[in-house]
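A single chain comes next, written as structure tokens; it is the form predicted alone.
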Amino acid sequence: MASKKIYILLPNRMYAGDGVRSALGQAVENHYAYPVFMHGEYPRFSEYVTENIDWIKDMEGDVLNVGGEPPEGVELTSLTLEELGERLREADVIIPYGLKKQTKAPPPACAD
């Protein structure tokens, strides 16, 4: 099976660890994996997530950053939105991972 370029878009920091782990799983399956942190918001990267990021890079993938500065101790490849658009044209698979960040408060019935 031919290797594919897989981009995993992470618009919500809540899913960052899972998205990076999924990208690492694709890299292990001999695909080129590129998780993309979007909107410049980052979770606190645990040692586990930092190791996963390093492994993705060791397997010829990359971890991309659109907007904002990455936290200290982690090297992410910074891109503009236009540069990301150009790279996505070469992608075989694009996965929007997780739900979009919520902008409105939940109704009172759901808040409990």
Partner chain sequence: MSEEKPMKILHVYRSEPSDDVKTLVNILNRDREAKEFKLYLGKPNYDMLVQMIFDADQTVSWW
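Positions refer to the first chain, counted from 1. Only a predicted model underlies this, so the values are computations on that prediction, with no experimental measurement involved.
What comes next is about the form predicted in complex with the partner chain, which is not displayed.
Using a 4.5 angstroms limit between non-hydrogen atoms, M14 is distant from the partner chain in the model of the complex. By the criterion of a heavy atom within 4.5 Å, K57 is excluded from the residues contacting the partner chain in the model of the complex.
The shortest heavy atom separation between M38 and the partner chain in the model of the complex is within 4.5 Å. Using a 4.5 angstroms limit between non-hydrogen atoms, G85 touches the partner chain in the model of the complex. Contact with the partner chain in the model of the complex, judged as any non-hydrogen atom within 4.5 angstroms, is confined among 26-34, 77-85, 42-50, 57-65 to 77-85. Taking the partner chain as it sits in the model of the complex, the stretch 89-103 comes within 4.5 angstroms of it through a non-hydrogen atom at R89, A91, D92, V93, I94, P96, Y97, G98, L99, K100.
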